[in-house]
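Just one chain follows, in the form predicted alone, and it is written as structure tokens.
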Amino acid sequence: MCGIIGYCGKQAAAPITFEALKRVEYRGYDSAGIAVLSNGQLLVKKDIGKLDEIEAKHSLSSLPGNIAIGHTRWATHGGVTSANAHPQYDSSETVAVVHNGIIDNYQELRKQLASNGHHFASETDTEVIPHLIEDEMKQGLSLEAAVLATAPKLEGSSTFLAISSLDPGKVVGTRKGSPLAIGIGDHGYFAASDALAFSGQAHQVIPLADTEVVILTADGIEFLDAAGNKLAKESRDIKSKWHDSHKQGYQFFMLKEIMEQPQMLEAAATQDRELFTKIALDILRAGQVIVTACGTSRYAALVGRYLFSKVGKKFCDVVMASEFHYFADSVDKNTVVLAVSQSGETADVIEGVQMARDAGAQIVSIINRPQSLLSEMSDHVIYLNCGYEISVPATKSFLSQLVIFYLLSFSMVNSFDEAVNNLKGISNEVTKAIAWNNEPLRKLSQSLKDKDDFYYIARGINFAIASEGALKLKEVSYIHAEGMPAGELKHGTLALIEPGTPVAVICPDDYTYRETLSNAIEAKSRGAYIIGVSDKKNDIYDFWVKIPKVDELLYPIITVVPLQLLAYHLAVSRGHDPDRPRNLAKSVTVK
């Protein structure tokens, strides 16, 4: 889940690399570092903390030279220490590497290398890579030949970039299991785990395939296959909408992205009717339909399951991506798998999809980022069209996923255009939900910021929104929160309700209203502080989150927005950075 970047060109590399790292810091912010080649020497600076903190301490952007690699880390192997920060280097400090992924056999490799006299300075799995490259280069190999010889020895996911003072003038990279994009600019060439890293600097991008190797020099790029044969690859223009990574006056990206949602609805609903009709027909004809996703995306899938059943009369199952491969035996050529992932590179989703593909299933991916791993594995790709999402907690991408499921369900009954009109028509209603509740929720957060537990309840299509609201609160405020069907509250959880315990009740005036309200009254009788999210005021609410009245199938799009705001304001009230929650990263590329 780390961010890696490499640059080789005609301008000073360190400041370019530093700015690129800032764009991918959402992938990890435990520690960071940059290595450069200058006058044939390898120089490395790294430390724990966020990029700006490390820059203030070590002046990363002031390192000399026109060749650099950089890294921002989400720790997996080894604690958050300066020694474990990347770049990692070999015993003789002639090879430096930045790595995204997990090397499953690093312990065996480390023992072998240690027995041959290698000394290790970190606890990371990554450190074996520069040591292996060092051994190959001692035999007289070039850096790219050493990378080609090293890569097959690494089991697991091992996308990395390497530079060496023994073969200066180049950056060499390879990909396995995690993405690597190659950028072409006017003054140099880039490699990064995400094309956003070099947006504004590069105008074209080339995705690297698994096991391929790229060589960057100041004069050009060269591609090799795993056997060392030269490859010809085509470049694509970088879409300008992916360049925007500015807060535009907001304190945090999370709030900016929440506020973008009314405008985003129209973009998300602008889809290819023929594609949706074809996919909808395939879903209706399939022997079984499985949706696989993690976290927020799974909650969107749960809403989608309800829509498929209610509108299209087609039952589908939603399986947690981390559990999907345990059910792979039931997948066959009569199965349609909908894989939902904002990043398109979620490791658990990728693993399950690969197994489903091997079994002959049709794969439809619902993703946000272009040129992702998941898009390469899919028969059909549906893009969310919500633009880049920087904050780790998903907000506008979740709303976009709801839009996609709404369109698919209506496509099953040949009503795509009706669905588009319905979605575009509620943009103003989302605006109202924000305007009515933003400031009141900010004030509420001040009074509730010291609470230890929150509970979220709802029924029917709204149940998944209760779970998503609880997840958002946990992610950014570090308050324990649970979301559940309202009817389940009395089957155990009610024992945890004490005087003053906040219970958020998603209770729109639809077919679930009376039963959900009854469960809220049960919680109230035990002393709960009831936060009612509804278009209908009720005296049992201690705090009313007012929402506009919409069609019952559209309530999830409306009700989730104030819950996002509540989570945001509680995080800020408690002094936390909602864009970068502790221990989390935007793209979960490890299992």
Ligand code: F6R
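Just so it is clear, the structure is predicted and the values come from calculations on it, not from any experiment. Quick note: we count residues from 1 along the sequence shown, nothing fancier.
Just so you know, the form predicted in complex with fructose -6-phosphate exists too; it's not on screen, but the next bit is about it.
J.: Quick check on Ser341: any heavy atom within 4.5 Å of fructose -6-phosphate in the predicted complex?
T.: Yes, Ser341 is a contact residue.
J.: Does Val403 reach fructose -6-phosphate in the predicted complex, with heavy atoms at most 4.5 Å apart?
T.: It does not: once fructose -6-phosphate is placed as it appears in the predicted complex, Val403 has no heavy atom within 4.5 Å of it.
J.: Considering only heavy atoms, tell me if Glu134 and fructose -6-phosphate come within 4.5 Å of each other in the predicted complex.
T.: Result no; Glu134 lies far from fructose -6-phosphate in the predicted complex.
J.: Would Arg175 count as a contact of fructose -6-phosphate in the predicted complex, using a 4.5 angstroms cut-off between non-hydrogen atoms?
T.: Flag for Arg175 set to no.
J.: From the list Ile103, Ile283, Val364, Val392, which entry has a heavy atom within 4.5 Å of fructose -6-phosphate in the predicted complex?
T.: Looking at Ile103, Ile283, Val364, Val392 one by one, just Val392 meets the 4.5 Å heavy-atom criterion.
J.: Which one of Gly295, Gly188, Pro262, Gly483 is close to fructose -6-phosphate in the predicted complex, taking close to mean a heavy atom within 4.5 Å?
T.: By the 4.5 Å heavy-atom cutoff, the listed residue in contact is Gly295.
J.: Select, from the options 341 to 349, 446 to 454, 484 to 492, 266 to 274, the stretch whose residues sit within 4.5 angstroms of fructose -6-phosphate in the predicted complex by heavy atom distance.
T.: Contact-bearing stretch, as computed: 341 to 349.
J.: For the stretch 519 to 551, I need every residue with any heavy atom inside 4.5 Å of fructose -6-phosphate in the predicted complex, listed N to C.
T.: Going through 519 to 551 in order - heavy atoms within 4.5 Å of fructose -6-phosphate in the predicted complex - there are no hits.
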